[in-house]
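Take a look at this single chain in structure tokens; it is the form predicted alone.
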């Protein structure tokens, strides 16, 4: 589904250069739950931005369902992001004065795959899937941190995307709320959604089935998770 070959990313600022990614290669199959870990500055957020068509590489190649990022216009990338990808961020990125329903509905306003007559059903289904049906008409700004992240998850999956990207989704949450969010992501993966998680927390990464470790912009390791939290599964 996703394929990176010798992927590189270099940033230039005031005449200086920073090599964020130094040529990494991997593939991710449909239905996988993959965690990307690494210390600050390792390149994990840069990698997520490239995989999610939020930025373009400066070397190598990256393809999504066989479509190479270099062959697509910015408008085409935006359409793929909205129709086939869902994003969950550490800071929620919700409209505080808008209701839960309005926040979750937002991606559908730009999606041609979901006709207007089916939007309400899709939004209500997404909100119910994260356990917030009773909060549908509440302003997002009045929710707790854990509830806000669950709204962000509902917004990410309302288009039934091929892949969900989660960037430090538990970073602003207490341990209880963080565990609830990760259990929701696990259930989405069990239902067939591909989930790609960027995290610096071992506890969070253990909900995935595969762990990619980055260090200094390079691929340090790529292996199954030895212990999958919540499943009692061990890899020998």
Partner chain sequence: MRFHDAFKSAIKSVQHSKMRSFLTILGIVIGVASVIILMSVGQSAQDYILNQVKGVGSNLVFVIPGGTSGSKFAAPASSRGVIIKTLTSLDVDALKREPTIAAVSPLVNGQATIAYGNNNNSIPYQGVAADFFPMRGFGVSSGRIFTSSDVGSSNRIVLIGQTVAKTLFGDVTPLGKFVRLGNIPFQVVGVLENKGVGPGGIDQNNMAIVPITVAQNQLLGITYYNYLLVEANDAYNIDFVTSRVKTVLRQNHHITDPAKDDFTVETQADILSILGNITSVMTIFLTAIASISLLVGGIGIMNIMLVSVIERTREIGLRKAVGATTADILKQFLTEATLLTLMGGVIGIGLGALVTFGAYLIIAKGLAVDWTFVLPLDAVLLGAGVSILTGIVFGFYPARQAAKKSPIEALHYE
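Computed from a predicted structure; not experimentally measured. Numbering follows the first chain given and starts at 1.
Keep in mind the form predicted in complex with its partner chain is missing from the figure; the text below concerns it.
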item	value
Distance check, residue 98 to its partner chain in the predicted bound form, heavy atom within 4.5 Å	yes
Its partner chain contact at residue 132 in the predicted bound form, heavy atom, 4.5 Å	no
Contact of residue 143 with its partner chain in the predicted bound form (heavy atom, 4.5 Å)	no
Residue contact check: residue 148 to its partner chain in the predicted bound form, 4.5 Å heavy atom	no
Complete contact of 93, 102 and 110 with its partner chain in the predicted bound form (any heavy atom, 4.5 Å)	yes
Option from 203-211, 190-198, 49-57, 35-43 whose residues, in the predicted bound form, bring a heavy atom within 4.5 Å of its partner chain	49-57
Its partner chain in the predicted bound form - contacting residues of 140-157, heavy atom within 4.5 Å	155
